[in-house]
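What follows is one chain in structure tokens, specifically the form predicted on its own.
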């Protein structure tokens, strides 16, 4: 059996893995990035929408090869058809081509010096004297021992490596959403904004989305609580039927499990780190994980580089401390908000969408939920409804 040595080995080439590989390799350390898929980025498990700010913030080129469409805002729809819209003069977000984007992130890592292996599955940890010393990796049928000072689990929501390393990633089924999406031909929706539909009969706990990719092509998907007795596909197909949209022009089907809670407390165990979906670092309200993965990768990279430079792996623990200090409180608040929104009736949703205006949606998009709640509390339809008042006050 062949044996190789690296400073860092990262499992999973989604968003977090390649970005961490890029940053650590750029600092001059040897990095191996592995992914069990034959083609990095495929299949996609994502609606592909992201805020425009992440490109500059995380040093990602704004490349038309993976920027499919520029987006200028959003429109939300209540169960009874009330709408609220936010529209900017300038680009606020983009719809990506994740198959290209993920591959290019891995390319950027390779260009900085990281080794990248697709079709390479990390099947187990190498443990000696009670400590993880590397990974057993099956590459093109050959089993390799890869020794590493630092092992990073960026291998998605089911994270085999985190579990084998002894990190507790358990979360109950209710802390996951089930996602189902078609990339399809669809007409009649403004292609310059994203569209979101809410309602307990539309998408329990979640929403239906239309994220435009062309004038007449979009990602049309849904997220619902994974412990729902009915499937996400059932609700999505129902919504399409009710809107008179044919399912005979589907280009791609994507299915996935999305963590919307159950954040991992122990992000580092000895020399093993966990980032991205594997660590449940996903926004509990909208289920988006790309920006959160980038943030986690940036923090994890910084402390990995410091630990290697100072030959002190105890510094890795600062990743856990910093993430929970900077991101943890926000994520816990969002989780609390999600749990309250689960109690809203369709009538509540109708009222809230009627109340909300463009300015409110801008605050909502910016994560200023407290300001939105305070505005809602001033409305008579909330003030004189004891249940609504009580629910919203839980969040203050």
Partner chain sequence: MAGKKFRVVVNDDKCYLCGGCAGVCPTLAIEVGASKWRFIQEKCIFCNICVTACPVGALTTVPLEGEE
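None of these values were measured; they are calculated from a predicted model. Residue numbers count along the first chain shown, from 1.
Just so it is clear, the following notes concern the form predicted together with the partner chain, a form of the same protein that is not shown.
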Within 4.5 Å of the partner chain in the model of the complex, heavy atom basis, the matching stretch of 168 to 176, 299 to 307, 314 to 322, 104 to 112 is 168 to 176
I need to confirm a contact call. Of 269, 205, 238, 163, which residue comes within 4.5 Å of the partner chain in the model of the complex, counting heavy atoms only? 163
Please pick, from 197, 72, 180, 189, the one residue with any non-hydrogen atom lying within 4.5 angstroms of the partner chain in the model of the complex. 180
Does residue 256 make contact with the partner chain in the model of the complex, using a 4.5 Å heavy atom cut-off? yes
So, residue 231 and the partner chain: in the model of the complex, are they within 4.5 Å at any heavy atom pair? yes
Using 4.5 Å between non-hydrogen atoms, is residue 157 touching the partner chain in the model of the complex? yes
Check residue 280 for me: does it contact the partner chain in the model of the complex (non-hydrogen atoms, 4.5 angstroms)? yes
